[in-house]
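Before any questions on how it binds or moves, here is one chain, the form predicted on its own, in structure tokens.
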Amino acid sequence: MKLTEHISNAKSTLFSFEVLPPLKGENIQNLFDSIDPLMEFKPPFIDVTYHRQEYMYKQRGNGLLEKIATRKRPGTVGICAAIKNRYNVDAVPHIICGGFTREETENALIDLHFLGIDNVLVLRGDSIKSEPNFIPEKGGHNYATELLEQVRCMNTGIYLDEDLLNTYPTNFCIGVAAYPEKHFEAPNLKTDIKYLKKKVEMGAEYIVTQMFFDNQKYYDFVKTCRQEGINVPIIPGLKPITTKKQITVLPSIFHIDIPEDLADAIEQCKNNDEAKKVGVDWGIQQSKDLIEFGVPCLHYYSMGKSESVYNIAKALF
């Protein structure tokens, strides 16, 4: 079922979460162990992230450095199939620009379509650690709008091979990402929302936000989007704080603010166990306020660990 249909059919706020594919060499049971407890809250869909390949340099016997590509979390298509088969819920794969040619993207989308996957979240993706700026794969996409256009074309039966005859259209419900505190590469929020509106006009049917800890920023963002004519569902993305270190790490990585009250509470914690409890308490109150606001779904970034998300959901659903 399409994600937008889940939302339109729901009588109350939905619960969903995002998982990381297992690291290369890990058993898929590790993933199932993190998902199993959260199935108590009947998520209609589960997002599956994708991490593009990175590069490392290994010194050889002759003293020269060899550039080696590594994929730490392969198998998104397979993971989606496994989730759909085991839990009978919709899996939502993240489709990214980085690391893929247009042909590789098309092949992945065909596989997902064959598996009955109805939803995709279209993202540009991050630059790799060894590159200061995002560099697309040769023959790939520079921007999420280009990737979105490829998915939209496939939804109308247009494939890369123009000579194909009697093609069948795919039927993906397309989601995109948004940033209540703006994308760090955007010069300002107004510009960021302008490009978000363009994605909706191109066919994006729902939006999932970056994590935030101040609900007012989400409320203001939604208001601005509605004023600009963006009327698709805007799903808030949430992440509970689980360690003391995260109040400095998360702003650095994701370019977000931590409210003073939350930062002060975490700083007063003696250890990570206390910080995790503060994170759960904050997450419960944040979620309650969002439900009262009328959000269509609460989407949690579990980062592969379900305990805090479970404790929040237990208090709400």
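Note that residue numbering begins at 1 and tracks the sequence as displayed. Since the structure is predicted, the reported quantities are computational estimates derived from the model, not experimental observations.
What follows is about the form predicted in complex with a small molecule, which we do not show.
With the partner removed from view, the residue among 122, 80, 173, 241 that has a non-hydrogen atom within 4.5 Å of the small molecule in the predicted bound form turns out to be 122. Shown without its partner, this chain lists 135, 186, 153, 110 as candidates; in the predicted bound form, only 186 has a non-hydrogen atom within 4.5 angstroms of the small molecule.
Here the chain stands alone, but in the predicted bound form its contact with the small molecule, taken as any heavy atom within 4.5 Å, falls in 88-96 among 221-229, 153-161, 102-110, 88-96.
Not one of 34, 276 and 286 places a heavy atom within 4.5 Å of the small molecule in the predicted bound form. Residue contact with the small molecule in the predicted bound form: residue 144 places a heavy atom within 4.5 Å of it.
Contact annotation: residue 198 falls within 4.5 Å of the small molecule in the predicted bound form, judged by heavy atom distances. Of the heavy atoms in residue 301, some are within 4.5 Å of the small molecule in the predicted bound form.
Within 4.5 Å of some heavy atom of the small molecule in the predicted bound form lies at least one heavy atom of residue 177.
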